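Next up: a single chain in structure tokens, the form predicted on its own.
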């Protein structure tokens, strides 16, 4: 019988913000533990929150083998990989001091806005070990600033956000960008003329979610993906490469999947130069549908590994937004809620907050509008490029992506 142990430790200090002042400071320190046992092609699982002894969890997992859950796959093993990405850990006192400084300046210089929500720091560690020689450890520490912005004279509940997510917060860079951003909120400008305009997004969750579902190996193999039966075909602009990217540099998550798989260079190419070359899989999906195994198992620490989603990242293929605009003005989408893709790839969304920008600087706030396109147009003939984020201080690893879209006024 083989045994596997998962331990997750999360420590968090959160400063709650209300009306641009510290309202409360909350701390949590949570340990989650999961134990899996494997015997005769079956898996038994047990888990708990808190410092429950491994012996008790192991006994429960052995008993749960009686549930007869099939898992006839070879365990990951013979690998030790320990990584610590949290070089600049911040204490609760340091976080509170930093939050107070930010809020004081916001109250003083931007009294025409209210700011609410949270500023926090999180310290995490994940361990995964088994009796086959697997010994993985991921440690990290990062800060999240997520402040809802409300213009006091506005009737809206939310007018925008100040955001940061990363490991190495720089207060000077934060103000250099957000001073420009808040001034742009004050400066209202009209939409440029034209039915089709260059639109830039960061953290385009609807696109990420649609691609994640479409590149899921099981959905692909069972005919439910827009890409089904298109393996090997060119789908998108030849500049586009999309990877299953497990690197914690870009996402504060473990570099291994929930089956203990570590990818070479932490990545696996799915779209290469516009061509569909792979879909992502866990061990079961790869075995059942005879697909390459990409190490994309997800699931809970106390559950059976499954194929829910995978972290996708576009390779940077362009470098100068101003040059790409060719002297034109672009639109930067800041807040867009309520849009989505249909099953055939059509996309439409309202944009609650958008800015006019010249490729380097935000010029002013636009009126509300809508955007429309189609997946194959956005990532095909209307694709502008994926750029490193050099101008907007939202944190490390953020990208900007541009496409020409139909504007709905």
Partner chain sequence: MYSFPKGLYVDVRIEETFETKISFKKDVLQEQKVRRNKGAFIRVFDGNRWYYSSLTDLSRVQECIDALARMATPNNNIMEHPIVKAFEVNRDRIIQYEKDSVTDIPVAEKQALLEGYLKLLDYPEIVHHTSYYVDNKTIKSIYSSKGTAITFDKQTCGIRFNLELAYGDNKNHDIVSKAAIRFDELKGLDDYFKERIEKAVAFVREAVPVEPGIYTVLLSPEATGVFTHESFGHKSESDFMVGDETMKAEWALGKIIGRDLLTIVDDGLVPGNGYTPYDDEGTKGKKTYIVKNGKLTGRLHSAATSAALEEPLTGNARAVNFQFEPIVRMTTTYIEKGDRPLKDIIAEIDKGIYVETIRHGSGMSTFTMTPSRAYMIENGRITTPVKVSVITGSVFETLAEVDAVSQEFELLSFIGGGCGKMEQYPLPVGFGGPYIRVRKLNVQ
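These numbers were taken from a predicted model, which means no experiment stands behind them. Numbering follows the first chain given and starts at 1.
Omitted here: the form predicted together with its partner chain. The next part is about that form.
In the model of the complex, every residue of the candidate spot (45, 223 and 348) has a heavy atom lying within 4.5 Å of its partner chain. The partner is absent here, but in the model of the complex a heavy atom of 340, alone among 340, 360, 59, 381, sits within 4.5 Å of its partner chain. The contact with its partner chain in the model of the complex, taken as any heavy atom within 4.5 Å, belongs to 218 out of 272, 218, 123, 266. In the model of the complex, residue 306 approaches its partner chain with a heavy atom inside 4.5 Å. Although the partner is absent here, residue 39 is not a contact residue: none of its heavy atoms lies within 4.5 angstroms of its partner chain in the model of the complex. In the model of the complex, none of the heavy atoms of residue 180 sits within 4.5 Å of a heavy atom of its partner chain.
Residue 290 falls outside the set of residues with a heavy atom inside 4.5 Å of its partner chain in the model of the complex. Proximity to its partner chain in the model of the complex, taken as heavy atoms within 4.5 Å, picks out 110-118 from the listed stretches 110-118, 181-189, 244-252, 324-332.
Interface residues of 53-83, taken as those with a heavy atom within 4.5 Å of its partner chain in the model of the complex (partner not displayed): 64, 67, 69, in sequence order.
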